[in-house]
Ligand code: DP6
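Here's a solo chain for you in structure tokens, the form predicted alone.
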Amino acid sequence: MINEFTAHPNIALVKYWGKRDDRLRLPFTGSLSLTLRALRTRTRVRAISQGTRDRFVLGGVPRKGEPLARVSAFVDLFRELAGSNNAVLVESWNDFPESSGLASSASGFAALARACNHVFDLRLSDRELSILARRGSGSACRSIFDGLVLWSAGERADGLDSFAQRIEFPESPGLALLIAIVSEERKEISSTQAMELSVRSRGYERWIRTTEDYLERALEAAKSGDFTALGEVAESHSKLLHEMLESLDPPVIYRTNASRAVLSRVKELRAAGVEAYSTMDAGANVCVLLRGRDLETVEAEISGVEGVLRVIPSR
């Protein structure tokens, strides 16, 4: 029997942006995210004959080169723990666009971590899986958990204190996200490339200081159930990220005309009395943070924005 494991992407409300250690994928700052239950990655891992090479199939298409090497290196972490030299076949499917700012690598490596934990019979805890998932893609450590998730930056050089954990948010008013898809195309500049450019920029130290302050404010809002404060932090931090990217030389521009139209409509909704806040990761698509009770209203409004291809509600 082949077991299938599922994980969901997450959207950062306070962004992870930049690594203090590239190999271990250790961040300069902590971050806070919301897991998107409406989107998912499904992954199967099966041991194959010894002496053969790993195989990786994504969306029914065999992958080679860098994608296969990255997956194989990640599986090595589990092989080492298990004392195994078995090659594996990894099969994975996403039900949403890849490399378009919707964190497909986060859900991909989180699902792969769960599948490897099973196939190598390691019985690792969620915290241990979070630490390992981080090695595949930084934000994958957050996709091990549902809901509102804190990723602690940690201080140790070995990264064992850099992991994610769920943060409880009061049931009422409840959190929801509406994902406005304005592009399903692969990004020209990957998140990793954009991060590296940012870290080398003159304004990056300010980003670190500002993000630490934003994270403290977001955690206070989350723990007290202050939706307004959480939304204001999320929208402001997202805006700060994209302003920094667009100020680089050369600039990295993810916001399109359609993105900006959605951002503008979100502000109009707030002016009309519907609390909604926008956030964007490294891509053109926009996520709208809102109360669950307002989901249908906001969905109807955002669906009508010019340039929006479709919307995906996620409670």
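Residue numbers run from 1 along the displayed sequence. These figures come from a predicted structure and were not determined experimentally.
What comes next is about the form predicted in complex with the ligand, which is not displayed.
J.: Which residue among 137, 162, 238, 117 has a heavy atom within 4.5 angstroms of the ligand in the predicted bound form?
T.: Of 137, 162, 238, 117, the residue with a heavy atom within 4.5 Å of the ligand in the predicted bound form is 137.
J.: Which one, 92, 130, 105, 211, lies within 4.5 Å of the ligand in the predicted bound form by heavy atoms?
T.: Going through each option in turn, the one that passes is 105.
J.: Please pick out the stretch from 255-263, 57-65, 40-48, 278-286 that is in contact with the ligand in the predicted bound form, where contact means heavy atoms within 4.5 Å.
T.: Checking each option against the 4.5 Å cut-off leaves 278-286.
J.: Would residue 192 count as touching the ligand in the predicted bound form under a 4.5 Å heavy atom rule?
T.: Looking in the predicted bound form, residue contacts with the ligand include residue 192, since a heavy atom lies within 4.5 Å.
J.: Does residue 298 make contact with the ligand in the predicted bound form, using a 4.5 Å heavy atom cut-off?
T.: Looking in the predicted bound form, residue contacts with the ligand do not include residue 298, since no heavy atom lies within 4.5 Å.
J.: Does residue 12 reach the ligand in the predicted bound form, with heavy atoms at most 4.5 Å apart?
T.: It does: once the ligand is placed as it appears in the predicted bound form, residue 12 has a heavy atom within 4.5 Å of it.
J.: Do residue 20 and the ligand share at least one heavy atom pair within 4.5 Å in the predicted bound form?
T.: Taking the distances in the predicted bound form, the answer for residue 20 is no, it never comes within 4.5 Å of the ligand.
J.: Each of 16, 25 and 70 having a non-hydrogen atom within 4.5 Å of the ligand in the predicted bound form: is that the case here?
T.: Answer is yes for this spot.
J.: Is any part of 141-158 within 4.5 angstroms of the ligand in the predicted bound form by a non-hydrogen atom, and which residues would that be?
T.: Heavy-atom contacts to the ligand in the predicted bound form: only 142.
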